[in-house]
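Given next, in structure tokens, is a single chain: the form predicted alone.
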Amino acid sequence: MTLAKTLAITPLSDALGAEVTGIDLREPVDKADAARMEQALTERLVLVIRDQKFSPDQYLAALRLFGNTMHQHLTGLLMKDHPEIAVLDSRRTKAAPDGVYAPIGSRDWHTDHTNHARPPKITALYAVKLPKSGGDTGFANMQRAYDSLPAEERDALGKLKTVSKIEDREYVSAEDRKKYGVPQTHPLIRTHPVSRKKAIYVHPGKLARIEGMEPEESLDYVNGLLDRVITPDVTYRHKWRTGDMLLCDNRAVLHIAHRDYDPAEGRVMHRVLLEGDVPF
């Protein structure tokens, strides 16, 4: 007789993150386990569900426990038969307009798809292939980062709004550039719709400007702010295992893919975004 597995949720760091074991998301999930994972994601902001073995259909079905999938404007990277999935393969890295070769997500701390009117609530990453060493991803709890600031600065930041643009990269189709290229305005300080906690919310790579500032001044301001608040006590560095499915709450977390490996070895993640709401 096979014993039923027991769901276990364990914190991964003091700042954020929790590890989920004892569950196979290819199988039906009962309401109690689903509710526990949902609550853990709200509280811990990053959820790592270990030892999964998905086909693309199974991966998408598992993610629908947490929300509805949304379109990604990484047009040239989408899986042909499953366009909800973007294949992030370090071996396909091409130079950006500034000449830098950097795998997607590795240039700066960011939250995803801020150029959408309703940015994703969750980014999901499924580790398909990993390099011999490295390939870590960093996550920063921007609720804790915001709380670390003096009250006067928090009040000042709460009045600022960012304007986001779509990136100028070859993997974005002309159709998606037209559809998602309209600049979007969001608050720099975002309120989480469930916990009501406030967090610093920005993507420097998509920042066109802060309202009332020039573009260069805006980027300098944001980079200076992030340099001050993204410290070891608000971060968690995830060391991937093949089969990890990771959920990141974009409404409260910034992340960065570290360049601590040889891209030619191949670091392959299957990325899915889940629909969010209008930031406030």
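Quick caveat: nothing in here was measured; it's all calculated off a predicted structure. The numbering used is simple: start at 1 and walk along the sequence shown.
Heads up, the form predicted in complex with a small molecule isn't pictured, but that's what we're talking about next.
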item	value
Residue 255 within 4.5 Å of the small molecule in the model of the complex, heavy atoms	yes
is_contact(residue 105, the small molecule) in the model of the complex, heavy atom dist at most 4.5 Å	yes
Heavy atom of residue 88 within 4.5 Å of the small molecule in the model of the complex	yes
Contact flag, residue 125 vs the small molecule in the model of the complex, heavy atom cut 4.5 Å	yes
In the model of the complex, the residue from 110, 197, 92, 154 that sits within 4.5 Å of the small molecule by heavy atoms	110
Of 143, 137, 162, 115, the one that lies within 4.5 Å of the small molecule in the model of the complex (heavy atoms)	137
One stretch from 182-190, 97-105, 75-83, 162-170 that, in the model of the complex, holds residues within 4.5 Å of the small molecule by heavy atom	97-105
